[in-house]
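For reference, the chain that follows is the form predicted on its own, supplied as structure tokens.
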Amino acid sequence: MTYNFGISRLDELIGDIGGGTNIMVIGPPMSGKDDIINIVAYHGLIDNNAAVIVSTREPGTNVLEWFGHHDTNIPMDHIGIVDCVTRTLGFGAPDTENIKMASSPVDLTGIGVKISQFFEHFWMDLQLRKTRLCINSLSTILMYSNLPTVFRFLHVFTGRIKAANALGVYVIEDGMHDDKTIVTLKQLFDGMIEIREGEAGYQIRAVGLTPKPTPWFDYEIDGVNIILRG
């Protein structure tokens, strides 16, 4: 069971990503990480994967609208969003088929239960054998919880990803955390997508998924495609 990112040049260099792989996406603010994580989920959806997205920065309805806006033909019943935002704004929104509500980003137990419910639904009810878990972002969760608590939470779910032969992708804001936090969390991941500011915009590369890091590529986001140059 294998996966890819849907980013053509990186996928060519990396080859197939084995099921059970956990990847950190780390980069500066405003570098398009929200779109990148959605695009990774999207390319799984068009390949008949399920996608579970934990949103700590915008309401689940916004995330769902992104997918509907970019492609009305994707199987929307294969998307599950854990919304950690709406109830913190004081809205008593109910769960829907696509969106389950957590009380806030500090509610790691609730977030974990909702993720597990989606995993079970996609595996048992829809018979989907490939799932992508995207957590956007760990930085928000770390603002509300201490490092040992977040590490324990992630340890459970990176283990769950391995057991389910799924793909886990987790966003971190570069520059928001001390070195100890990044080094501690890195232990849980098999590789990284790194983003940095370049001369002409932002650059991207993969680390730990090939014997040596890929080159840095300038990139731009065009709808559901990430176009690499260089």
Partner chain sequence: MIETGIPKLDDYLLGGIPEGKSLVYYIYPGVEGNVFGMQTMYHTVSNGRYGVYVASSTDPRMIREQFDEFGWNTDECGDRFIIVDAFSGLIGADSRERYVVSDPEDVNDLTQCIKQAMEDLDGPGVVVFESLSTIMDLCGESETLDAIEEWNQYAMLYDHAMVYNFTAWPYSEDTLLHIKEDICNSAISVGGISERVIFGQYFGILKADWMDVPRKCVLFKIVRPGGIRVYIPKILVTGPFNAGKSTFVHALSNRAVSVDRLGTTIALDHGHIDYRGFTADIFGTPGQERFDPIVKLLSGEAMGVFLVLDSTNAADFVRGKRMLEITMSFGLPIVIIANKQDLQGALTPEEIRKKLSMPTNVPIMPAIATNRDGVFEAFETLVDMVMEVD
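No experiment lies behind these values; they were computed from the predicted model shown. Residue numbers count along the first chain shown, from 1.
Another form, the form predicted together with its partner chain, is not on view; read the next lines as being about it.
- Task: May I ask you to check whether residue 78 falls inside a 4.5 Å heavy atom distance of its partner chain in the predicted bound form?
- Result: No, residue 78 stays farther than 4.5 Å from its partner chain in the predicted bound form.
- Though only this chain appears here, would residue 146 touch its partner chain in the predicted bound form if you measure heavy atom gaps against 4.5 Å? Yes.
- Query: Taking the shortest heavy atom distance, is residue 96 within 4.5 Å of its partner chain in the predicted bound form?
  - Reply: Looking in the predicted bound form, residue contacts with its partner chain do not include residue 96, since no heavy atom lies within 4.5 Å.
- Message: Can you work out whether residue 106 and its partner chain are in contact in the predicted bound form, taking contact to mean some heavy atom pair no more than 4.5 Å apart?
- Response: Judged by the heavy-atom cut-off of 4.5 Å, residue 106 is in contact with its partner chain in the predicted bound form.
- Task: Give a yes or no on whether each residue among 90, 120 and 155 has a heavy atom within 4.5 Å of its partner chain in the predicted bound form.
- Result: Yes, the whole trio is in contact, each within 4.5 Å by some heavy atom.
- Counting only non-hydrogen atoms, which stretch in 177-185, 53-61, 163-171, 40-48 is within 4.5 Å of its partner chain in the predicted bound form? Comparing against its partner chain in the predicted bound form, the contact stretch is 163-171.
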